[in-house]
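What follows is a single chain, given as structure tokens, in the form predicted on its own.
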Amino acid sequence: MKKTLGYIALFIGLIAFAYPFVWMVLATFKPEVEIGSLAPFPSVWSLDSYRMVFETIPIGRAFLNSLIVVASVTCSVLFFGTTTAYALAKLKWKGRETAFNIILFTMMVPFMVMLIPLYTLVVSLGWTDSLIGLIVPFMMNATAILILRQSFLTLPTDILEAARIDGCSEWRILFTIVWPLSIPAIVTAGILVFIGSWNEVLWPMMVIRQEEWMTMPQMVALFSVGGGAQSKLGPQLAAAVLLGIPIVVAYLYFQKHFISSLASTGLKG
């Protein structure tokens, strides 16, 4: 009976969380006049909403820009995050705890506080209207450092000491021992950074003005509220579906490691 009630609760939760997304996907195939109806399936399946998106905005170029930005930011965060986390977790040096507390403090500072100084710096360096201005300011991430540090703390120190005795450098220990043993935490940090970078709209709006350098979330936002969709709900939903597909695919591919990290290592310690 308890298992049955548990499955019923899980099923209700599944419907509650999945229905809005499923409805949005199905609504993109409906004629514009049927989107407001309660019927889940369209009477006539149509691709007009997607056709309008691809004909109105350069969604392919925006997707490529977002892919370059997200891949660069995620890879740099994982590289610098793992090196920083390893130094904070497994190396003994003066000021280690102070440095970690400073990193934690930066997590408490709202991004809006740093927005104007960061924008002024990017303008001074001439990085506006370029992908560099979207990548460099986010190459470090305090949340990723925290997740990775907590995971590295759970690794047996004896293994690392044995590697040092055998003559391994700290870089080799990090990439040949620590990384393979911390794949769930690395995947978790990567997914969080990927989602945050992919969904970023405010910063690209400030830095990018030329259409050829716009990211996909920025392009979709301008398409929805800037008149490109002609106040039609169908194309707006279609653009939102196209924007959400990469995140869904990434999570489905890495969900095993993501759940494993949250259940075992995650933010423990």
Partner chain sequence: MNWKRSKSNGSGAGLGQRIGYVMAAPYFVHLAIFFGYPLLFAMVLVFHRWDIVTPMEFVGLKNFTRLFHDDLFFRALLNTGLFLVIHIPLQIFVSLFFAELLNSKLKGRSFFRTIYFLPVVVSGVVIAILFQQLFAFETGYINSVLSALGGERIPWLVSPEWAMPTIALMATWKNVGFYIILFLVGLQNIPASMYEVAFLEGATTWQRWTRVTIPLLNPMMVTVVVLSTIGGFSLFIEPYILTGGGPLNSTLTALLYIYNQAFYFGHMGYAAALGLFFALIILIVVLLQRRFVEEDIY
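Positions refer to the first chain, counted from 1. What you are looking at is a predicted structure, and each value in this text was computed from that prediction instead of being measured.
The same protein also exists as the form predicted together with the partner chain; that form is not shown, yet it is the one meant from here on.
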Practice task
Using the partner position in the predicted bound form, report whether Leu174 sits within 4.5 Å of the partner chain, counting heavy atoms only.
Solution key: yes
Exercise for the section: Using the partner position in the predicted bound form, report whether Pro156 sits within 4.5 Å of the partner chain, counting heavy atoms only. Expected result: no
Exercise for the section: Determine whether any heavy atom of Ser37 comes within 4.5 Å of a heavy atom of the partner chain in the predicted bound form, and answer yes or no. Expected result: yes
Exercise for the section: Spell out, yes or no, whether the shortest heavy atom distance between Ser197 and the partner chain in the predicted bound form is within 4.5 Å. Expected result: no
Practice task
Scan 134-156 and write down, in order along the chain, each residue with a heavy atom lying within 4.5 Å of the partner chain in the predicted bound form.
Solution key: Val136, Pro137, Phe138, Met139, Met140, Asn141, Ala142, Ile145, Leu146, Arg149, Gln150
